[in-house]
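Here you get one chain, nothing else, as structure tokens; it is the form predicted alone.
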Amino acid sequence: MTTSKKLRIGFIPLVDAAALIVAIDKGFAAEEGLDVELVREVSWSNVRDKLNIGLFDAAHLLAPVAIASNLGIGHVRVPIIAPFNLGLNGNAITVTNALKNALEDKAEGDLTDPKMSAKALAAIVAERKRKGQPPLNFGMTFPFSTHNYQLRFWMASAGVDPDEDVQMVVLPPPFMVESIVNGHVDAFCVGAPWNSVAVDLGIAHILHFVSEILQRAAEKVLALRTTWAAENPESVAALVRAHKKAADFIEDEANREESCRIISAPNRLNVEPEITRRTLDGRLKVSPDGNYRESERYLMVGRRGAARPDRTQASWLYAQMVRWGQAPLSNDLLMAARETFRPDIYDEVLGAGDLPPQGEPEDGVGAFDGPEFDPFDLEKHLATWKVRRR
């Protein structure tokens, strides 16, 4: 199979672009007859806009941005589909040394427990209000981002209102570390490698892996305009096959050193391969003094059914848009959000299956707080939470 045109695909320098980068640079896309130019971008708005107007044929994209674009929320409506999931989890909440010390002073238990850390944050917020001090600043990558929703879900579990009690600041991922250096933020939630970069500089601690907040969280997707996908079904299938080969290659530990070298190259992430290795191994240095924490759930590229789009994840992300006042609640919008994720295309190209194995959360999300998530009863989910926009 050959294609008649070169494809341009945009990406942000993050480890969860691994399957995309390896698919191109290892030659899996070329094996499928695709000639792909990878274009490195700085901000998610750039990636979204260039995909929407056709400057990109596909993109490494925040899963909620794909949904929001499909729903016409926060920007013009451009129908998007996601036939391949580039990763589950992979984010972390990182705090300055000063905030880490303050959390330890207020903690009534183990800070690695998100319930304990959220309660400690609530105590700090209350104290700052009493003293007339300005609110803490939390950096996240985009209003329609998993980072935004994960931060909110965590802090709101202890009654902290993210819109009233703290300041939420949008920052492009590569600028997160600089923002701590300059004193602009007290914490941020971002994907690898930027949490590790901050720790290595001695200026911050990783407080939580997002897999401690949600066991399964769709992070980035391979996003395509619906019209382009309909006009180029062979290219779509070739992209899915190439990305599956790449995900399998990355998840094979025998290929880990080569994968990290490819992903970390100057024209890709431009970091030391050892930092990328920590991410893929799920073994991260969490403090400047050299303490490490391990989780095999930290970033799942292909294992445990991670690459197959899961519409339960789309339901959860849409529920967060409703919870925080970004979207109205309607069954039509819920169904449209779910249709953004296309497991049917994945199954048609690769064969049915590749479902999450035993041991994964029964509700498909595994949140640390609240009842099990029902992807078709969002009213019940939303009624659970005291802190929300109405």
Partner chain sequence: MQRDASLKIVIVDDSSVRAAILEEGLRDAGHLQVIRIEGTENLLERIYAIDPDVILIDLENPSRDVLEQMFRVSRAVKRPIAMFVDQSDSASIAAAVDAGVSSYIVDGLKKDRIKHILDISISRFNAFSRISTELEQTKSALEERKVIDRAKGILMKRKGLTEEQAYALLRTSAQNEKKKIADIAQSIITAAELLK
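Since this is a predicted model, take the numbers as computed values, not measurements. Numbering follows the first chain given and starts at 1.
In what follows, reference is made to the form predicted in complex with its partner chain, a form of this protein that is not presented.
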| item | value |
| --- | --- |
| Complete contact of Gln215, Glu234 and Arg308 with its partner chain in the predicted complex (any heavy atom, 4.5 Å) | no |
| Val169: touches its partner chain in the predicted complex, heavy atom cutoff 4.5 angstroms | yes |
| Non-hydrogen atom contact Val76 with its partner chain in the predicted complex at 4.5 angstroms | yes |
| Residue contact check: His184 to its partner chain in the predicted complex, 4.5 Å heavy atom | yes |
| Contact flag, Arg48 vs its partner chain in the predicted complex, heavy atom cut 4.5 Å | yes |
| One residue of Ala30, Ile53, Leu329, Ala352 in contact with its partner chain, assessed in the predicted complex (non-hydrogen atom, 4.5 angstroms) | Ile53 |
| Contact residue in the predicted complex, chosen from Asp113, Glu178, Glu274, Asp105 - any heavy atom within 4.5 Å of its partner chain | Glu178 |
| One stretch from 193-201, 285-293, 259-267, 135-143 that, in the predicted complex, holds residues within 4.5 Å of its partner chain by heavy atom | 135-143 |
| Heavy atom contacts to its partner chain in the predicted complex at 4.5 Å, residues of 233-251 in sequence order | none |
